[in-house]
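One chain follows as structure tokens, the form predicted on its own.
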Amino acid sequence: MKKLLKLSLLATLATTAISAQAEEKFITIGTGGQTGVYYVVGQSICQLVNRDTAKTQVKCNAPSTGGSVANLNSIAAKQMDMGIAQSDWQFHAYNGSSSFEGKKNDKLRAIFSIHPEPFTVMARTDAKIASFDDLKGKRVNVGDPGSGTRATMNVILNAKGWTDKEFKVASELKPSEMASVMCDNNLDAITYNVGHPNGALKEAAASCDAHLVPVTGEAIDKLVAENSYYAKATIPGGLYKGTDNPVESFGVYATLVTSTDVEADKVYAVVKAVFDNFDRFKRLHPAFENLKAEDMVKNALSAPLHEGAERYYKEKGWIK
């Protein structure tokens, strides 16, 4: 009899464990290259979400991906629940414009914006590159295919009437690869749409004589004037060896997006985990230091808010 009771108890415990496991909800957040801020954003969000898994039953993971465009495509294909994307590519994916022409995603929804991301050019000092126009005829990393960097480079080239053929070499390296290739003198310049300070750029500046290059001029002014998701941006001086003074550029915001296919309770759990622990979140990377919660619910959001995010923001009184 005791053996039967023991077996019955074990069976009950096993059934309970399986039932609890079945109730767990999993979230996958697409990020970017492992040396970039997108990856840190995803890992930081998941760290906060997973602290409350016992209470919410929501588990989170944030793998490295190709970046903005890849994340938006994965969300549309239901391969990921959420993703981090530049504000311009959020706009284009929702509206079916630019490289998303014919691929409009009506289901795309915004969750919140994060840090500003200036389009950044770093060049070897011996390459004698003082402006974006000086990149002509040089060996340039134009960005990883599927990344926001590559897509923004295409926008700049189109605005200037250029193509990749203006460069002696137009490589498509991942952010984790570009510093070593430039410092081995196989590239003259690297590009990155990223929040600052950034690990890959710090590595490059520390490994060889290099400096940040301004991204300014008439074509850039026109891009900013005609597109609300762009803004002028200044990269502070002193963040990278070789660049003591501020450098002017333009940029977008990193944003967290999802789809109406993702249930509201999942999105609510993610938003609550971040903003209920906002001071902790801001300490996880220097790019988050000056974030303001009230701004994050409205800055650079081109798609409608997801209902799960909207519910939390109304509870906090941040939106009506």
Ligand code: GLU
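The shown structure was predicted, so the numbers you read here are calculated from the model rather than taken from an experiment. Note that residue numbering begins at 1 and tracks the sequence as displayed.
Another form, the form predicted in complex with the ligand, is not on view; read the next lines as being about it.
Could you work out which of 49, 257, 29, 37 is the residue within 4.5 angstroms of the ligand in the model of the complex, going by heavy atoms?
Going through each option in turn, the one that passes is 37.
Interface residue in the model of the complex among 194, 122, 111, 108, criterion: non-hydrogen atom within 4.5 angstroms of the ligand
Flagged contact: 194.
So which stretch, 98 to 106, 219 to 227, 144 to 152, 234 to 242, is the one near the ligand in the model of the complex (non-hydrogen atoms, 4.5 Å)?
After filtering at 4.5 Å, what remains is 144 to 152.
Looking in the model of the complex, any heavy atom of residue 33 within 4.5 Å of the ligand?
Contact with the ligand, yes.
In the model of the complex, which residues of 164 to 178 put a heavy atom within 4.5 Å of the ligand?
Heavy-atom contacts to the ligand in the model of the complex: nothing from 164 to 178.
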